[in-house]
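Before any questions on how it binds or moves, here is one chain, the form predicted alone, in structure tokens.
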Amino acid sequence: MNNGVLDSNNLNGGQKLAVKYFSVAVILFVAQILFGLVTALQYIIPELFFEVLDFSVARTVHINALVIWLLFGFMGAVYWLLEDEAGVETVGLKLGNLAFWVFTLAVTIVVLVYLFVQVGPGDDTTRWLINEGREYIEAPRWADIGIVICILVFFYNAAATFMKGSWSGISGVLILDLVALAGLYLAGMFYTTNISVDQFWWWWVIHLWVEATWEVLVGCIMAWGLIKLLGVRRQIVTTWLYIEVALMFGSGILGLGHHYFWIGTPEYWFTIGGFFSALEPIPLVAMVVHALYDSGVHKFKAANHPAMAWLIAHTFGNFFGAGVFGFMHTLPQINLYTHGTQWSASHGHLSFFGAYATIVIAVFYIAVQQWRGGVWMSGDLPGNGWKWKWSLALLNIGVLGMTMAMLVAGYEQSFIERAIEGSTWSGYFAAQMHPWFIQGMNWRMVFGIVTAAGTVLLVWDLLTIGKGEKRTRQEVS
């Protein structure tokens, strides 16, 4: 094993494929941050890039880059743990590699169409080739079909590998979740001219695809990561994973109702949706707390300090971003005033970063450690140990700062635009021009730059951490 050098000989077949997914994920993460900065600046300077890169286009790329880089990260994470968990070589690697290149090419084409074609006539040609017009899932229909096919190949690779090798609690939950990951995306491909019916199915993708299947996938990755990093007993994380699944698909499906308040569905969704949507992250928090308690027998030794720090950041980010902020925002009595304001964006930024980005970054560090030959990445990192700490701090401070800035702006919008003006056009523009709103957007820009600085430092650290290190990783089992 070649220590301290990035060498593919240190990786198994599934991990080599995972590294490809991680590389594209990092590129898309950087793109998401860049286009986020552009949209934040366009709030301050509305005429910026007018009719060249309009706000609507930049925002589309920003949001879709977020979804796709996380999806690439999750797929890479599963390929990374696949052979370790199954105990056999990954099945169907050639097909998996083909699906990766098809997926990457499709994403590239879609982004180029967003940037250079942008819009088309309001007919089936546009829907199939340019943009479906559905917020957050704007990808044209051909790309939708391609995503489902790539996910099905991904499912086959994982399921066939576990069928050939050994099963565990983690692998069983993972495979069932991948069925839902492919299936639920199909709900966003229905076409109807009735806006309420269209929104009904659209929310199945936006909520259940992300807040149910992604959360369970995160639970599987978290369970595996805690075993590897802390030597936690498998039965502890598996037990909490089962509770996570039960609560996720219970609260996740019922919590879907908090999106149904304002599209003509029955009133009982007010209570059901508002209450259950906040319960989803609780088992993940309990899993980490219990795991840390159990790791006391190892005197809290961790095999990879950066990865462990990001897992802990994920625990708090998921709980506060998705749970606390979600509950605060989705209760119908509150949502009446906050829906569609910067309050929504505030919740979205903290929840996506806290619930998903943090754990993908943790797996990046696990991957880099093995890629360099299983080198030491615990305490006392020589020379470059400061970079991961500063990137962790800057990214979390930046996202939290943006969250607070948008929350202030959202409070102002809820007060003027909704409570006083009653959701009128005059109220909308009055809120947009208010000094508090403008100050909120300025501070979002400042903290967006802090986030971008943390991203640069993160990429730099991932490329250099462990370089030249001769010590082997700390054993925690």
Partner chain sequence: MITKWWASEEVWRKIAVWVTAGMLLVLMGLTFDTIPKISVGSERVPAYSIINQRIDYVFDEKRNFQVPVFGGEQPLFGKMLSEEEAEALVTWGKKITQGRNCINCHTLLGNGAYFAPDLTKAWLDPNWVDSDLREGLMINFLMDPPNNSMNSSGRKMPNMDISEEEAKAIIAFLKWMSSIDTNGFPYNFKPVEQEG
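Positions refer to the first chain, counted from 1. No experiment lies behind these values; they were computed from the predicted model shown.
Beyond the structure shown, there is the form predicted together with its partner chain, which is absent from this document and is the topic of what follows.
Participant: Given that its partner chain is left out here, which of Ser391, Gln370, Thr90, Thr238 has a heavy atom within 4.5 Å of it in the model of the complex?
Facilitator: Exactly one listed residue reaches within 4.5 Å, namely Thr238.
Participant: By the heavy atom within 4.5 Å rule, which residue out of Tyr242, Trp128, Phe316, Tyr156 makes contact with its partner chain in the model of the complex?
Facilitator: Exactly one listed residue reaches within 4.5 Å, namely Tyr242.
Participant: Test of understanding: in the model of the complex, would Leu37 fall inside 4.5 Å of its partner chain by heavy atoms?
Facilitator: No.
Participant: Against its partner chain in the model of the complex, would Asn396 count as a contact residue? Criterion: heavy atoms within 4.5 Å.
Facilitator: Flag for Asn396 set to no.
Participant: I'd like to check something about Gly183: if you look in the model of the complex, is any of its heavy atoms closer than or equal to 4.5 Å to a heavy atom of its partner chain?
Facilitator: Output for Gly183 is no: heavy atoms all beyond 4.5 Å of its partner chain.
Participant: Report whether the minimum heavy atom distance between Ala246 and its partner chain in the model of the complex is within 4.5 Å.
Facilitator: Within the cut-off, so yes.
Participant: Tell me which stretch of 305-313, 374-382, 342-350, 102-110 has a heavy atom within 4.5 angstroms of its partner chain in the model of the complex.
Facilitator: Stretch 342-350 is the one.
Participant: Every residue in Thr193, Leu336 and Gln432 with a non-hydrogen atom within 4.5 Å of its partner chain in the model of the complex?
Facilitator: All three within 4.5 Å in the model of the complex.
Participant: Are there residues in 255-270 with a heavy atom within 4.5 Å of its partner chain in the model of the complex, and which are they, in order?
Facilitator: Stretch hits, in order: Leu256, Phe261, Trp262, Ile263, Gly264, Thr265, Pro266, Glu267, Tyr268, Trp269, Phe270.
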